[in-house]
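In structure tokens, the next block holds one chain alone, the form predicted alone.
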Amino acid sequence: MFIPAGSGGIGTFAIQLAKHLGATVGTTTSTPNVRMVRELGADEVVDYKEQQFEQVLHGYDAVLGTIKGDGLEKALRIVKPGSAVVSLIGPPDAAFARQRGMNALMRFIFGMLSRKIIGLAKRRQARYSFLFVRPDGRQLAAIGELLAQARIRPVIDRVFPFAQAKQALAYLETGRAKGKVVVRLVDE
């Protein structure tokens, strides 16, 4: 499984979960974070400041789209036929609209939004889908158990008090957070 931005909030968690499920994991990060993502379980790490991952990695059967821009299109270059490309950031597709009971107009609009990436995936004999993350009590309980057993661990970069929520968002926007950024609602 290819998980870009392995040192980010989603990446640090996704790497550990994928490894727990038995996947071989490839990721991207910058030089200072290579050791950290390897410790989280990444098997192949590409320093994006030194190399283009699509020129180094190949043969992946799954991609978790976690970054904006042309990352999904580049990720399609490293997948093998029959692969699944799942994006958490879009574009949403018509199947997503159908699952949510949206009307025909919204299904059409979402179909148009995702037309390019779906076409590129089909050319690579891969499947594209958009995943809207929603709370699921059973899944959260299972993840909670993995956390309690220390089989996966949260990676927290910084904790901000609620009064500094604006600064926390500004910090997130820099794209340099290693793991999650937490806003504490109650002072301890």
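Predicted, not measured: the structure shown is a model, and the values here were computed from it. Start at 1 and count along the sequence shown; that's the residue number.
From this point on, the text means the form predicted together with a small molecule, which you will not see here.
S.K.: Please run the contact check for V56 against the small molecule in the predicted complex: heavy atoms, 4.5 angstroms, yes or no?
M.R.: V56: no contact with the small molecule in the predicted complex.
S.K.: Report whether the minimum heavy atom distance between R123 and the small molecule in the predicted complex is within 4.5 Å.
M.R.: It does not: once the small molecule is placed as it appears in the predicted complex, R123 has no heavy atom within 4.5 Å of it.
S.K.: Report yes if any heavy atom of G22 sits within 4.5 Å of a heavy atom of the small molecule in the predicted complex; otherwise report no.
M.R.: Result no; G22 lies far from the small molecule in the predicted complex.
S.K.: Does the small molecule come within 4.5 Å of any heavy atom of S30 in the predicted complex?
M.R.: Yes, S30 sits close enough to the small molecule in the predicted complex that at least one of its heavy atoms falls within 4.5 Å.
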